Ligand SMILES: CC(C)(COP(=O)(O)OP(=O)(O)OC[C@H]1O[C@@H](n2cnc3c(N)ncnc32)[C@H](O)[C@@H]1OP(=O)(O)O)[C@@H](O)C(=O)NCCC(=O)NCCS
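We begin with a single chain expressed as structure tokens, specifically the form predicted on its own.
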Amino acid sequence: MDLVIRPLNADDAEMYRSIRLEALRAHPEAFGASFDAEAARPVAFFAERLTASAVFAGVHNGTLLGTAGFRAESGPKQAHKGLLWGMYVRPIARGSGLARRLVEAVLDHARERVELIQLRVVADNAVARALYASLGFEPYGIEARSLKIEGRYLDEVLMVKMPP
């Protein structure tokens, strides 16, 4: 598959909104945001997100197949940290290496901007945890009952990647 990894911009807001809502609908357990809340947001909300954060996409023949976001923390005491967020790969592209390439794009982008990158992943998501571990992320804690979906609680593993 001929995949191009590129940053998204405000002009990509409708495309981004579509894949983001798909991710929230298909895997509500994997995200802190909810489908209903984000589906009610206008396209301008997603355009703003694309300007406030760096969001990388895997694109094949003009179709968005996956995304991963990066946001640096703000304030003098936290500006050394960044967050990998919003990781999603459409089913058709799973197993293609796209997820790894998206995380690597985030890491490359973050390298000159922050000293460490954090992420949160649902404890039951062994595939994602293995991917992150293979890229140098290490667990540093668990947030018990981090998410609540339809009366069910999910724990999240907190992971960090320090500079080499």
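Because the structure is predicted, anything quoted here is derived from the model rather than measured. Residues carry their position along the shown sequence, with the first being 1.
The same protein has a further form, the form predicted in complex with this ligand, not shown here; the description that follows concerns it.
Contact here is defined as any heavy atom lying within 4.5 Å of this ligand in the model of the complex, and by that definition not a single one of 9, 45 and 70 is a contact residue. Interface membership of residue 118, defined by any non-hydrogen atom within 4.5 Å of this ligand in the model of the complex, is ruled out.
In the model of the complex, at least one heavy atom of residue 130 sits within 4.5 Å of this ligand.
Interface residue remark: residue 93 is counted as part of the site for this ligand in the model of the complex, having a heavy atom within 4.5 Å. Among residues of the shown chain, residue 31 is one whose heavy atoms approach this ligand to within 4.5 Å in the model of the complex. Contact with this ligand in the model of the complex, judged as any non-hydrogen atom within 4.5 angstroms, is confined among 110-118, 46-54, 33-41, 97-105 to 97-105.
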